[in-house]
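Here we start with a single chain on its own, the form predicted on its own, put down as structure tokens.
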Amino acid sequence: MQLTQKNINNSNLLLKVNNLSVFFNTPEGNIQVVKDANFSLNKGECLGVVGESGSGKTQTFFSITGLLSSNGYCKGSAIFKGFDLITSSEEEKRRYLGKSIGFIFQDPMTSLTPHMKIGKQLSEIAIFHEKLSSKLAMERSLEVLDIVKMPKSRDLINSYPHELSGGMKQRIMIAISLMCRPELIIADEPTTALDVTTQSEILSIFNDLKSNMNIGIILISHNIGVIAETSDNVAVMKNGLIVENGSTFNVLTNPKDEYTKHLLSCIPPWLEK
């Protein structure tokens, strides 16, 4: 596990979340799964959100992007470039979601449409959001496949998802999120079920996106090592609460909360070097 310390320019605020709470109506009553979350993200910065399964990580960002299930609702604010994603209408959100804000879902194996060729799945994003012609959208598809370092991209656009490996499918999911040149990408467990080498390659792509394209990234993971490799700041979640946050370097080298210390104690010693 490698830690780097980086100075962030706070004048480039991209996302500011204030007092965000998420609730679900269930047969057992109203359940709160996220409790007054507060955090921010700057351009060209990666915020790592870490915690055990069920800690509220994914639901926090489903609420921001309007992806909660029908029995869920949220309170608070999520200001993206001066626009509140929580209180706005669905029509207003469409101006940003999938375009300025990309979402990479947890399981690339099931997130791609099995009967549709890769080129079609990529190009339809730009056709819908930016009204590009099919030809220009396909050209954009080839560009983003180069960005995510996919070999033989001209052959790949005619392939179906079942012909690709897990790592290739994850690169396709990243490419889809890049089709409309977003300013923010939210990645939910993007390295789950990938081998160590492929995981390292995916994290390298994220580091390139924030460094070379100034994209803000929110990386959701239960893996402290993944967070350490990519994130400038980290928020640690437990039972719906952010129990600790700050620079990744400071939080992981000098944790204050007992839960953070517990997570760090689960890392095998050979990964800490």
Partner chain sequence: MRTNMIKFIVKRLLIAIPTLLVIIAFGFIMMRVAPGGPFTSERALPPEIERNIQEAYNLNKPIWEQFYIYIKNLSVGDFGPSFKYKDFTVNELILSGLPVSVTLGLSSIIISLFIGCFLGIVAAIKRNTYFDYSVMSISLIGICIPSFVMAPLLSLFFGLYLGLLPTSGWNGGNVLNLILPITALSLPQIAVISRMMRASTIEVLNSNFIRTARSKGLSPSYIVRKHVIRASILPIIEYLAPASAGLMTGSIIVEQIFGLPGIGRYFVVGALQRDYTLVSGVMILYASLLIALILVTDILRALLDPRVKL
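Since this is a predicted model, take the numbers as computed values, not measurements. Numbering follows the first chain given and starts at 1.
The form predicted in complex with its partner chain exists for this protein as well; it is not shown, and the discussion that follows is about that form.
Quick check on L97: any heavy atom within 4.5 Å of its partner chain in the predicted bound form?
The answer is yes: L97 has a heavy atom within 4.5 Å of its partner chain.
Do L164 and its partner chain come within 4.5 Å of each other in the predicted bound form, heavy atoms counted?
The answer is no: L164 has no heavy atom within 4.5 Å of its partner chain.
Check whether N158 has any heavy atom within 4.5 Å of a heavy atom of its partner chain in the predicted bound form, and answer yes or no.
Output for N158 is no: heavy atoms all beyond 4.5 Å of its partner chain.
At the 4.5 Å heavy atom threshold, is K120 in contact with its partner chain in the predicted bound form?
Because a heavy atom of K120 falls inside 4.5 Å of its partner chain in the predicted bound form, the answer is yes.
Only one of these stretches, 194-202, 147-155, 103-111, 76-84, has heavy atoms within 4.5 Å of its partner chain in the predicted bound form; which one is it?
Within 4.5 Å of the partner lies stretch 103-111.
Of the residues I176, A187, L184, A137, which one places a heavy atom within 4.5 Å of its partner chain in the predicted bound form?
It is I176.
Across 54-93, which residues bring a heavy atom to within 4.5 Å of its partner chain in the predicted bound form?
Stretch hits, in order: F62, G66, L67, L68, S69, S70.
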